[in-house]
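One chain comes next, on its own, written out as structure tokens in the form predicted on its own.
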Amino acid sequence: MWLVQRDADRFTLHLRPAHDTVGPGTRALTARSLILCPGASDRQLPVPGWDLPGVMAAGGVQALLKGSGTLAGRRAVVAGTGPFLLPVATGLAAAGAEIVMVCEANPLRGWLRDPGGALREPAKAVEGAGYAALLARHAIPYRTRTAVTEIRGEDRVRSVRIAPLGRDGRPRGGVRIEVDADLVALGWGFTPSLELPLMVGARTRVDTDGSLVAVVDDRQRAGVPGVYLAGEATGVGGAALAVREGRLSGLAAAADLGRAVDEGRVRRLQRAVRRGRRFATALHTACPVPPGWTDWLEASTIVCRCEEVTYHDLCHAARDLGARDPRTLKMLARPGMGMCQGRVCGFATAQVAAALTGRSPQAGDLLALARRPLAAPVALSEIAALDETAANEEN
């Protein structure tokens, strides 16, 4: 789906195949209700050298391994924050890669900030213990409060520099170690895909992890008649929570259309969703993006790879041209104006703007980088066909 248009009492959905070679071209459907589950993408923070071949998002490394059994490298460093680093590292090791190190930017005691929330999902603790056993079996070094602060190489990744972090997320002291690697898998959580929810008018807020997410009620209604949201769009919380929200959305949509539903099941799902959300909050509290990560950047570090915008360009726009928010940075320095339309660099640009101006990112700041006219790339002929269809209807 690349476009949703809302009329008085229904929605028009413009669909196209995921691959151009499969099936017919664009087609349109109408619906009275929508359940949107757009998912999320890997969140990335730029570091010097992250644009070298051999640097990949942790999710991309895992997808390549699961989808085709292909190893992206033979000697890997897995770095960032959050439990998603564990299946990526252990999956690579099981496939034959040497894992030089897993670098977790936060301390494990961060889970003690919200022990009640962390214990809401006991299965997650069991899963974590399983990954810990796999790390030990494969003799994978796991370091906390540690980050990859520089990636080195000419034609591709050759080595990485790793630094211990202080409480503020800035490198501590002058200690650095350099290790050889041909693969760096970076994962800093996930950024919800909000193109479709924003098209239909969903309201937004800033979640605990700093992400822009859509607002829903206790039945997953988005505040727009006929629209329900499930999964990462309402807050990054994992697959199990997304399934619960999807089921609750389906029941809510059916009830709102006058169908009979089992209210007992609705209440059970609501309780399960609340447990999942509480755990997600504990996770985000334990594994935040380090507040001082922008200190890792050098003037020449690429922040927006599509438009080749450097950290120096952003500093110049903020300090010399008067940009005080991400939207103005985008206008003056062009981050987020390339092929990905800010999907990769949007969060980082908002964080850099906050660091340069001393103001915390607001929902409006992130919204300026998340709102896109199309949810997926389409040919100009498909967009032009919309005008032809409208003209034929008028005639």
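Residue indices: 1-based, along the sequence shown. All figures in this text were calculated on a predicted structure; none of them were measured in a lab.
Another form exists, predicted in complex with a small molecule; not displayed. Remarks below refer to it.
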query: Listed residue (311, 111, 84, 142) with a non-hydrogen atom within 4.5 angstroms of the small molecule in the predicted bound form; finding: 84
query: Answer option from 125, 239, 321, 177, heavy atom within 4.5 Å of the small molecule in the predicted bound form; finding: 239
query: Full three-residue contact with the small molecule in the predicted bound form, heavy atom 4.5 Å, for 38, 62 and 66; finding: yes
query: Region of this chain that lies against the small molecule in the predicted bound form, out of 284-292, 228-236, 72-80, 321-329 [heavy atom, 4.5 Å]; finding: 228-236
query: Any non-hydrogen atom of residue 190 within 4.5 angstroms of the small molecule in the predicted bound form; finding: yes
query: Heavy atom of residue 196 within 4.5 Å of the small molecule in the predicted bound form; finding: yes
